[in-house]
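Here's a solo chain for you in structure tokens, the form predicted alone.
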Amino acid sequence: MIKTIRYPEESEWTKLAERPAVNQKDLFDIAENVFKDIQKDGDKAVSKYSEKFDGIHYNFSPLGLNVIEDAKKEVSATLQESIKQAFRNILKFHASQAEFVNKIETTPGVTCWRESRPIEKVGIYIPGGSAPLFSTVLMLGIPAIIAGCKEVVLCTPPDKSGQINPIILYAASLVRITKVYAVGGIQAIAAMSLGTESIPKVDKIFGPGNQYVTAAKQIAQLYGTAIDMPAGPSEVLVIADDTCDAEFVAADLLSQAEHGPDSQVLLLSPKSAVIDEVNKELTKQLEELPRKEITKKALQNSKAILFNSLDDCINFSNRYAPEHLILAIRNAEDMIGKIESAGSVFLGNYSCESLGDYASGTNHTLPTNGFARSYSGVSVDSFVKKITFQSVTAKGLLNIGPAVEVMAEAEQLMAHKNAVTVRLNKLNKQ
């Protein structure tokens, strides 16, 4: 069962949309100290924190290509084929995002356009603790391939014996990642941000993680390394009406709650009976889950909210800005135009969020904690830079030059004006 809140006043919505509180200062203090140590001592500090936080020894070298290739032998043929099916769908969807050059003549003689260039070195972080997320290797590796990134570094925490899950390595081989390091947590993010004797410095870091990883990624920006987004604990918001299947809705809520104790799931409905039925299903299905104890803790952070109308549900969702939004409602596609903030949206009773997590084709690396109000999920665009170009003929300069002279003089930037004036003077003498 999750706590039910009935007909809250709109003045209460902002408070209800808050995520579980975390002591941010402690998180950032810990992460900042790790960064400083790794900046000073490199691999030695990485090893120290791997032993301190994870109880493992860092071996100071990437896995050999033979180890990555050999991992295939430990992955069942059925799972390999499933991963390949997901690979094909993700590749097809992301390939459609490739940008074509479109030259625009803004004024006769003035042509402007934009071209993409790959970010040269990128780092991807793959959580490997209680649930090794090999699917994230596909979600990050595939758009990196399409973008044309020259170097992709993968960091993931090993198990207590120092071994990386073979499924993660198999997925890495599919997306042609050859630099794999058995290191996780804050120390992995710091190493990719700063560079050490063994781990190269990258230009941008991608990937989900716990609150420590999220804090580390935000600190990485202070050291000049870009990140995809400040993605933190998983979350889903489900809007359900009397056409939903309560069994399906409960399964969707539990699928996100099992990610970790700091995950959060929300159910919104204009029908009290729907909330009651879903809660019954939650109690029933929870008992069958292997990760029951983790899931129970996440449900303590979660809530069901009864609203007066579907419009109120949508408006609250936009304020919450969920990572995943499921519309288990009548004529779900009619509501698309009202969705303003969400990482990824799933329409109708059969569009379960798990499909997006693995194989439908969309990316599952999405903004959490309300960042969907200002961030997008990972795409091919995340792995490229956009460079603008312009080509101006003599005719083009004559057309816009005088306007630029006037504007530059108004801003008292006379050297700007002069760069135009000297050209116009030469043209006028011809």
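Computed from a predicted structure; not experimentally measured. Sequential numbering from 1, following the sequence displayed.
Only in words, not in the display: the form predicted together with a further copy of the same chain, which the text now covers.
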Query raised in the report: For the chain shown here without its partner, which stretch in 189-197, 300-308, 332-340, 268-276 has non-hydrogen atoms within 4.5 angstroms of a further copy of the same chain in the predicted complex?
Result: 332-340
**Report entry** Partner proximity in the predicted complex: residue 397 to a further copy of the same chain, non-hydrogen atom cutoff 4.5 Å
**Finding:** yes
Query raised in the report: Taking heavy atoms only, is residue 248 within 4.5 angstroms of a further copy of the same chain in the predicted complex?
Result: yes
Query raised in the report: Hey, in the predicted complex, is residue 10 touching a further copy of the same chain, heavy atoms inside 4.5 Å?
Result: no
Query raised in the report: Heavy atoms within 4.5 Å of a further copy of the same chain in the predicted complex: does residue 161 have any?
Result: no
Report summary line: Heavy atom within 4.5 Å of a further copy of the same chain in the predicted complex, from candidates 33, 393, 59, 39, belongs to 393
Requested in this report: Given a further copy of the same chain in the predicted complex, answer whether the residues 146, 262 and 316 all have a heavy atom inside 4.5 Å of it.
Outcome: no
Query - Stretch 319-356 - residues with a heavy atom within 4.5 Å of a further copy of the same chain in the predicted complex - result: 333, 336, 337, 339, 340, 341, 342, 343, 344, 345, 346, 347, 349, 350, 351, 352, 354, 355, 356
